[in-house]
Ligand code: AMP
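Next up: a single chain in structure tokens, the form predicted on its own.
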Amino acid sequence: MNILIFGPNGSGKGTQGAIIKEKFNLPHIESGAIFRKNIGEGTELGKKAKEYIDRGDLVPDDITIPMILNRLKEDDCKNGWILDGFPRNKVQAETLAKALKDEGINLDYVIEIVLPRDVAKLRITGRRLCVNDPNHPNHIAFDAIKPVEKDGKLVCRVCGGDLKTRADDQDDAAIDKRHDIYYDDKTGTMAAVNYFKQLDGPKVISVDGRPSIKEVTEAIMKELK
């Protein structure tokens, strides 16, 4: 079972990928980890990628896609894989689809977690971290895990501890830049998703990302066979 998973930052894509990984015992492959591994191990592709990264340039697809294909051909991927974080645009989608076909690797499912842009942003900016335990879930946008108010300020709903925010969660420019790429349906990530929708072969599973984690999981699992 070979799967591509898409969703904007804030959609819960990483959470759902981890659940699918556990359910079907598949490696959850994140494109950034492939870069780090190749650079860290000093592979030829890693050395080439590092030259671009050190200059602040994007790594071209003729380096990125061979790295991804090498990873997908490793032993732990024999029974399937979940690829997360690539492709990010339509050209990459077209190039990846051709490369997979040329290698005789079937793409079985494309999972798309659909979330309105304003909701995705709120999910990111609304996260709050407990200073006592970062695993205590607190989020100002969800009633089930909303922080409680004490002495005029919001505190952890679990332990009453102080709350803080991650700096990158509050960086509007950074969030908007990532979302500009994802929601671009002409050349960006949404265009990549739409490309896979018109291909013969993979089954596209589009699920509403607004309900609870459990409900989103159930909607995905109902379609995975």
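Computed from a predicted model, the values in this text were never measured in an experiment. Just so we're on the same page, rigid core means the largest C-alpha set that superposes within 1.5 Å between forms. Counting begins at 1, following the sequence as shown.
From this point on, the text means the form predicted in complex with the named molecule, which you will not see here.
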*Going by a heavy atom distance of 4.5 Å, is residue 159 a contact of the named molecule in the model of the complex?*
no
*Give a yes/no on whether residue 40 approaches the named molecule to within 4.5 Å in the model of the complex, heavy atoms considered.*
no
*Is there a non-hydrogen atom of residue 81 within 4.5 angstroms of a non-hydrogen atom of the named molecule in the model of the complex?*
no
_Contact label in the model of the complex: residue 28 to the named molecule, heavy atom within 4.5 Å_ = no
*From the candidate stretches 69-77, 104-112, 88-96, 144-152, select the single one in contact with the named molecule in the model of the complex, where contact means a heavy atom within 4.5 Å.*
88-96
*asked:* Going by heavy atom distances of 4.5 angstroms or less, which of 36, 164, 197, 186 would be at the interface with the named molecule in the model of the complex?
replied: 36
_Threshold 2 Å Cα movement between the shown form and the other one at residue 29, rigid core reference_ = no
*Once you line up the core, how about residue 185: does its CA shift reach 2 Å between the shown form and the other one?*
no
_residue 199 C-alpha relocation of at least 2 Å between the shown form and the other one, rigid core basis_ = no
*asked:* Between the shown chain and the other structure, the Cα gap of residue 14 to residue 37 differs by 3 Å or more. Is it closer or farther in the model of the complex?
replied: closer
_Assuming the CA distance changes by 3 angstroms or more, are residue 52 and residue 102 closer together or farther apart in the model of the complex compared with the shown structure?_
farther
